[in-house]
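As a starting point, one isolated chain is supplied in structure tokens, in the form predicted alone.
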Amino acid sequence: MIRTKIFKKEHLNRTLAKRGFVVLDGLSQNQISVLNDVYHTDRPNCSVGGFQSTHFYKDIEYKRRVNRAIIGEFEGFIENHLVNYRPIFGNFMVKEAEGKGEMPLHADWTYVDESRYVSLGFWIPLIDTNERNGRIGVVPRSHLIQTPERGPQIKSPFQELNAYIAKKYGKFLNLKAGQVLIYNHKTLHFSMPNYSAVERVAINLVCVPNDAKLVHYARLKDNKSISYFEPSTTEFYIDYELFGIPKEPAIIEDIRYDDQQFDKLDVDKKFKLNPIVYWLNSIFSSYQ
């Protein structure tokens, strides 16, 4: 049972436990300008199919500069709102203009032992978002039914039904520039292409409890196992190369992996939770 007080305000703990996400006001206009400047200064040219994340750039110094700037601008916000949480890395999530950059339904990587802790994702657009420019969507309550081992090349059990789930159960959020979506990393989310003429830049920030050990899962060797890592420092994420085998730390162990896929009946049963079951789940995964 997870018994962790995440937010200082109790109503936010209840909302996160129930829905899997909350939305707060965050960055000032000055902070937005500062971070826009950080993004554009000496930015490498790394366009990949209309969507790009600075997390996977090869320029390590640029990634470090971005990480320091984002964490610096959010230190006060984290101190004001969260209880005993720390940021471990930040990056920009970018959608190029003119109908590019759809992001399919997914849940973020696993960062902590989720039987004991809750890790959080922050998503903050630097422009107002709407149906035209790549707004984000979430699937309320999906944090109650996700799988614990998530990471590069690990197939989600929902993957074959991503579009079905997003359409039937997803909720789009029209966030203003600087607003902060905070979500449990198990919460499914997605975003549409950017049909506007302006690049959409958003911030992604990962936060974990102060006393939580970092973990990482990735499918690197075959389809029957996933590799388990315990990063000793947050530099692990700065040095990370997409789909590569991390140099440090060494693999702790390989875990048996079964590529289970749900069908529509499974999905509908899981997403239409019996009210009593849902109420009990909310209580026993509550953040008190």
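Since this is a predicted model, take the numbers as computed values, not measurements. All residue numbers are counted from 1 along the displayed sequence.
Here the subject shifts to the form predicted together with a small molecule, a form of this protein not shown in this document.
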**Study point:** Contact test in the predicted complex: S119 vs the small molecule, heavy atoms, 4.5 Å
**Key:** no
Practice item. Classify F51 as contacting or not contacting the small molecule in the predicted complex by the rule of any non-hydrogen atom within 4.5 angstroms, answering yes or no. Key: yes
**Study point:** the small molecule contact in the predicted complex: Y217, any heavy atom under 4.5 Å
**Key:** no
Check your understanding: Is I165 close enough to touch the small molecule in the predicted complex, meaning at least one heavy atom pair within 4.5 Å?
Key -> no
Check your understanding: Which of these residues, S142, N184, T110, S191, gets a heavy atom within 4.5 Å of the small molecule in the predicted complex?
Key -> S191
Study note, to complete from the structure: Contact with the small molecule in the predicted complex, heavy atom within 4.5 Å, among M103, I78, V180, A97 goes to M103
Review point. Want to guess which of 199-207, 80-88, 67-75, 171-179 is within 4.5 Å of the small molecule in the predicted complex, heavy atoms only?
Key: 199-207
